[in-house]
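Let's start with one chain on its own, the form predicted alone, as structure tokens.
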């Protein structure tokens, strides 16, 4: 039985992060969007709270040590649930900031799921809270392989105790600043998914360079980079999970990518919920300040119905995120539920932002208005981590499996 009531510790976490989002994150939102960056001092302050640092202090549900699985007072896993609580609250403040927090980022789950003990130690060990911001990243998307993960073209050729990587990755969040990237490549294109491999590639590795930094529509304070691999020499010790993980034709690399999405899609969906809630709050205040809803004017009825629908859909999207995260914490396969949460939350957030601008009229289109920024930011939530169309394919395949 799923219990949707937050525990006392989770409520405390939410209240602490909600305060941080309101007092520290939201005031930076518009200025960081213009500057295309987040102030270094803010990032250091966030690390003191354990937000995205790769460690999480006990006050935020962690053990203060590493990127392990957080547990509540009863010993129940809650890492995924805590993450989506944090994601929604910080995204309410500014969604670009969530992606900019120092830490392993999307690179963390594949290392946690697939990495050897030695690889986990090397990858997560750099995030000890010494006050220096560091990042990890997840490099899967390519110019010709985004939603179709099976179509990656980057190659990995075995050469003695090394693999030689060649190819390009694009739209990689924090890819340029990252100390390491989890990079996906294929050892044999004819093998399809079975040929996929995942590597830990550290900054400074010969043959690895950064291409362009993207100038984007939204999330402009978040770094999005192109990564280039030209005869990049990676030691076999950096093959994620070791050689045995890929023995006998197992789809180890592809499975790592998909398992990562099962963990991160509810988190991305929760961020979309945070964006929707932020837009709802702005438009709710606008209505309260400009309309007297008790007066018998037809338009007021439409406005009341609109904000009621917004609240209803936001609440439904949140519960879908919580369910998918709960399943992940319980070790229950959640591919369908993870895709459902992301597909629905992204649509809800886009609709709320669109309706908010329409309701506010010309005021909603000004750069100085938060709703305008949120409208630009939200678009990508139906694209990255698998487009809405891909999510619906995943859902339908699970529903029709065996038929």
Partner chain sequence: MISFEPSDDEKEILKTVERFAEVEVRATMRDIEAAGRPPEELRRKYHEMGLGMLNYPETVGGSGMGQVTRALIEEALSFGDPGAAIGLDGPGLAGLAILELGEGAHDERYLAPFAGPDAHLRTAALALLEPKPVADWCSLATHARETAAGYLLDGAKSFVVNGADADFYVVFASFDPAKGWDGLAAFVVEKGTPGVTVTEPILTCGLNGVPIVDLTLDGVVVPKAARLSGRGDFAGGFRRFLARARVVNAARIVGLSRAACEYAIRYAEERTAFGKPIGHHQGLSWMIADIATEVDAARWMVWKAAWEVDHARPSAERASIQALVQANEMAKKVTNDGVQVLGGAGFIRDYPVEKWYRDARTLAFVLGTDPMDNSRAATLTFTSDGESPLDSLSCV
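Positions refer to the first chain, counted from 1. For clarity, every value in this text was computed on a predicted model and none was experimentally measured.
One more form of this protein exists, namely the form predicted together with its partner chain; it is left out here, but the text below deals with it.
Residue-level contacts in the model of the complex: of 150, 144, 217, 316, one residue has a heavy atom within 4.5 Å of its partner chain, and it is 316. Only one of 320, 201, 106, 154 comes within 4.5 Å of its partner chain in the model of the complex through a heavy atom, and that residue is 320. With the partner left out here, its partner chain still marks one of 340-348, 41-49, 27-35, 365-373 in the model of the complex; by a 4.5 Å heavy atom cut-off that stretch is 340-348. Its partner chain is not shown here, and in the model of the complex it never comes within 4.5 Å of any heavy atom of residue 165. In the model of the complex, residue 132 stays away from its partner chain, with no heavy atom inside 4.5 Å. The closest heavy atom approach of residue 176 to its partner chain in the model of the complex falls outside 4.5 Å. Interface membership of residue 232, defined by any non-hydrogen atom within 4.5 Å of its partner chain in the model of the complex, is ruled out. Interface residues of 274-291, taken as those with a heavy atom within 4.5 Å of its partner chain in the model of the complex (partner not displayed): 277, 280, 281, 284, 287, 288, in sequence order.
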